[in-house]
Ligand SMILES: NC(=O)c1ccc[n+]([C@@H]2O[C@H](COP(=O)([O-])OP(=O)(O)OC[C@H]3O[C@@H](n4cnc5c(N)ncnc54)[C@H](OP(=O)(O)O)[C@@H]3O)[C@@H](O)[C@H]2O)c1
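What follows is a single chain, given as structure tokens, in the form predicted on its own.
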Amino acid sequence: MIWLVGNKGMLGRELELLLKEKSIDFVGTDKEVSITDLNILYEFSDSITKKNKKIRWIINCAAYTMVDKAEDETSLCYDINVFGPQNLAKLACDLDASLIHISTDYVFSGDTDSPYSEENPKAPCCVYGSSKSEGEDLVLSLCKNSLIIRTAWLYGRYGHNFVYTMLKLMNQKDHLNVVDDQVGSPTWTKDLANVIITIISKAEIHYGIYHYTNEGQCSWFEFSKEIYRLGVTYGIIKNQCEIRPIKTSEYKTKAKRPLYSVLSKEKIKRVYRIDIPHWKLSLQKFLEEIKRDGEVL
């Protein structure tokens, strides 16, 4: 059995649908089973065991992701991103289960111009990044059967994200200013969910740290331009809106962001033989889906 932690979040909901679609035995929990309370986690796992079911995988999609708020809500951020994963790692070890923990490009400083590999030293530049980095370290030290997947620039059907925000604003404004000197790789949650299912379905698991995003790289400005182009193409955007590039220095935020956070996917492609679609193709498929389903933005 799989225990999906954080099943109400953007990635968690995508995973839950995929698990149901593939008829994979799982149980999903969110805030009602707090990862910050080890006793509650053990009580829940005991309730599963009493049903004569063995938890073989714990997939942790729970996270504090409000990057700017984390600068003020440091304690809450650390509870969820550091001590929560620590508790899950302890539990997974006791249950002899494997743990997948989702992490982020924000563990890196962004002070480079070539894709980060899993072996590059971490140097987070904000509270959120530091919390995710420390969470990784605890997971790896406490659970030998752990697999960390770092990802970046996530968007999807469920929850607030950059694509939905841009589509809404592009239908309301005559122009938008978007940062053009932060570079990364947009990633569709459906693609990441499929990769996670692919990994746990393998007969042989190779634990450790892996990077996964969609292929290619762009700035937030370039990402926005493609969202606008496709949004107009599919009739999702019916307004004329000019997208204007600005520098990070012109768009003040409380938390510092990495300027370059492209992740190398060579390891996950080699070890798990995964084909990764380009971000433009995945964005197109995502917009086709919400257009097809008549989703109201």
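Residues carry their position along the shown sequence, with the first being 1. Values in this document were obtained by computation on a predicted structure and should not be read as measured data.
One more form of this protein exists, namely the form predicted together with the named molecule; it is left out here, but the text below deals with it.
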Using a 4.5 Å heavy atom cut-off, which of 221 to 229, 126 to 134, 163 to 171, 193 to 201 contacts the named molecule in the model of the complex? 126 to 134
None of 98, 214, 86, 103 but one has a heavy atom within 4.5 Å of the named molecule in the model of the complex; the exception is 103
Answer with yes or no whether residue 45 is in contact with the named molecule in the model of the complex, where contact means some heavy atom within 4.5 Å. no
Classify residue 152 as contacting or not contacting the named molecule in the model of the complex by the rule of any non-hydrogen atom within 4.5 angstroms, answering yes or no. yes
In the model of the complex, does residue 19 come within 4.5 Å of the named molecule, counting heavy atoms only? no
For residue 30, is any heavy atom within 4.5 Å of the named molecule in the model of the complex, or not? yes
Where, within 79 to 99, is there a heavy atom within 4.5 Å of the named molecule in the model of the complex? Residue list please. 80
